[in-house]
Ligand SMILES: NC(=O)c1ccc[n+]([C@@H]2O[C@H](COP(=O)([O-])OP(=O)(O)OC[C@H]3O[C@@H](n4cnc5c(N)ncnc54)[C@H](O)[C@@H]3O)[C@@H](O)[C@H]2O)c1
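As a starting point, one isolated chain is supplied in structure tokens, in the form predicted on its own.
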């Protein structure tokens, strides 16, 4: 993003922005002065959240976006071009995190996970690159500690996030001379409504009890604002971990496995 972009009302497109981490990112960007398109496969919910942000004085729009569909991407980018006239930040946040091993993951789940978490990001980059080049913009891929530190039971998810890390670095190299930067934000455990539902389905209705140093959607949003700012102009091809050091320590005790319920689980005091 150019030095003057923020005063020129820079624009961002955030996927999976109707709730959770995506909404945290979209809100932070809007509060920082960006015009934002909240996109989500749940378009009605995205519009509800956009209306709330507009009521607070922010310049935001909403759109239904299926990240696995090239035509859907074309439509979303066209909205940004028509309504904002530019695109400075593309945030590839939409994703799913199913459980399963190499044996228990079936072909349908593998295809779905890779389509949303990896192919969806590529389709977005491909659709948005002309506008991003014009603005010398920023690609932010929302990854995970599991992009580089794998964990049993997250086979398709871990592979997809590792692929997203590779894509992030490949884009940084390919578009360096176009002025387009590409970075990954890798949160650790984030306490969102969907994460609680997922954990409950897999035997842990008390999540996040026992997990310390949780990341919040607001913290992910603050990181996105920084990486999209002129202050981060020379940051390219990196992973910004927001996991309190989990990627270094890789404390598997922070995870609950229903089939290992008999094993000791470390007692921790959850951060306020």
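Residue numbers count along the first chain shown, from 1. Keep in mind that this is a model prediction, so the values were computed, not measured.
This next part talks about the form predicted in complex with the ligand, which is not shown.
Trainee: Between 51, 42, 238, 222, only one gets a heavy atom within 4.5 angstroms of the ligand in the model of the complex; which residue is that?
Mentor: Of the candidates 51, 42, 238, 222, 42 is the one lying within 4.5 Å of the ligand in the model of the complex.
Trainee: Find out whether any non-hydrogen atom of residue 243 is located within 4.5 angstroms of the ligand in the model of the complex, and reply yes or no.
Mentor: Residue 243: no contact with the ligand in the model of the complex.
Trainee: Report whether the minimum heavy atom distance between residue 188 and the ligand in the model of the complex is within 4.5 Å.
Mentor: Looking in the model of the complex, residue contacts with the ligand include residue 188, since a heavy atom lies within 4.5 Å.
Trainee: Would residue 194 show up as a contact with the ligand in the model of the complex if we use heavy atoms at 4.5 Å?
Mentor: Because a heavy atom of residue 194 falls inside 4.5 Å of the ligand in the model of the complex, the answer is yes.
Trainee: Looking at the partner-bound form in the model of the complex, is residue 59 within 4.5 Å of the ligand by any heavy atom?
Mentor: Output for residue 59 is no: heavy atoms all beyond 4.5 Å of the ligand.
Trainee: Quick one: find which of 103-111, 74-82, 122-130, 156-164 has residues within 4.5 Å of the ligand in the model of the complex by heavy atom distance.
Mentor: That would be 156-164.
Trainee: Using a 4.5 Å heavy atom cutoff, which residues in 103-137 contact the ligand in the model of the complex? It's fine if the answer is none.
Mentor: Only 116 sits within 4.5 Å of the partner.
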